[in-house]
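In what follows, one protein chain appears twice in different forms, each by itself as structure tokens: structure 1 and structure 2.
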Structure 1
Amino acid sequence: MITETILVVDDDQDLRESIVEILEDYGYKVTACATAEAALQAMKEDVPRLALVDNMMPGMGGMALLPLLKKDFPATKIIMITAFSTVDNAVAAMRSGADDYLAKPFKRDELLVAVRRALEEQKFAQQQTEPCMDEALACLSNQIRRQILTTLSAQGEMRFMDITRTLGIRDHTKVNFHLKNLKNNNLISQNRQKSYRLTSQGEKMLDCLHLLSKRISL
């Protein structure tokens, strides 16, 4: 179940309602505002993980709103929505605090891709600030350890011999060494039946690896 809160700021009622409908259909919790001033007030009550902000609005425009959002709500990702998709506008939006740029008219899938990308980047940034994250990332510089995490994620729970057979590694000493390393970094645990499984930290780390892989492939 998706629980991320998204704020949509656009004075165009038809477009605003359309964006809200698309995002809610996908499972997001959405708050909508017609003006930048209303958006600032709404964010004081419920800080969203992502804000989609229209560039041209009566009163305070999107460009003026962006630095205010970044100053008071630095963790919130921002996607600028505009009808003027020029390089200069894109650069100006990024300099004002936008994390991404969506040009009108855009398709449903383009909106969803931009939203998912922004939320994944935010999730990755949050996980990087958690305690011991540097040590855990260093631990996963080894390919066998990454394979162990991926295998446990797929299988849920495995005994030692099942892991070695799945990985196709005959050197049990090597596998045992890497399992101990993962345990020491709190990425996997072992129960009384001697079965290994991912910890919550291990699941988060695997998410980080997936996001890193996506970034590298872009």
Structure 2
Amino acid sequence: MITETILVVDDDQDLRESIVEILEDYGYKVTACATAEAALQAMKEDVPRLALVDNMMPGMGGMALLPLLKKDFPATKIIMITAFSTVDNAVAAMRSGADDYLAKPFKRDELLVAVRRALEEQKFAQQQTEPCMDEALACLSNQIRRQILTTLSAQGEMRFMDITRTLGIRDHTKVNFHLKNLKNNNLISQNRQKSYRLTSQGEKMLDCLHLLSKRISL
């Protein structure tokens, strides 16, 4: 997985160290290097969630580094740092793939705000394959649980032992295990009379299952 690190790339040692200090004080894990070439090397060993890149550097400049980073590590967010800020420069940086743009000199809080926002965006992009998806799909990946959903859908409402017998499963605790699983994932619920039934979530899931099976068999 991508690490929690932030990479700082700046040839100006004073500025670099002060950025690192601010970020580390705030609790971030930080790596720093002085050249674009070193940055590329560092990225290969440890892909950061965010890179702060200075525009003007001896050797490969920040503007040249940007597309390389974006190509090989598209998940990493990039904040461009520049001394002689102009509109054109800012626009060019953003067009080259920078996710934000910070003009020197900047205050501690300006830096932190930009970093936090970038990390938030990164997190969001990372989760695009949504987290609740994990549970849902794990739930559906078991045949017994799918059977429970379908029979519940067919019968509307069933008691524990009815389900077990319908599925023809000997060990009732086995069924119980899966019922608990489904209950924890809010796909089924249980009323005062102990009867199980699908929740609205569960019905949606079942719908999806049917959709899936149609699509797969195409």
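This is a predicted model, so every value here is computed, not measured. Each residue is numbered by where it sits in the sequence of structure 1, with counting from 1. Here the rigid core means the biggest group of C-alpha atoms that line up within 1.5 Å when the two forms are laid on top of each other.
Between the two isolated copies of the chain, the second is the form predicted together with the DNA. With a cut-off of 2 Å and the rigid core superposed, Arg159 has a Cα displacement that reaches or exceeds the cut-off between structures 1 and 2. After superposing the rigid core, the Cα of Tyr26 is displaced by less than 2 Å between structures 1 and 2.
Asp11 is not among the residues whose C-alpha shifts by 2 Å or more between structures 1 and 2 once the rigid core is aligned; its shift stays under 2 Å. Once the core of the two forms is superposed, the Cα of Lys183 has moved 7.9 Å between structures 1 and 2.
Once the rigid core is matched between structures 1 and 2, the CA atom of Gln193 is found 14.8 Å away.
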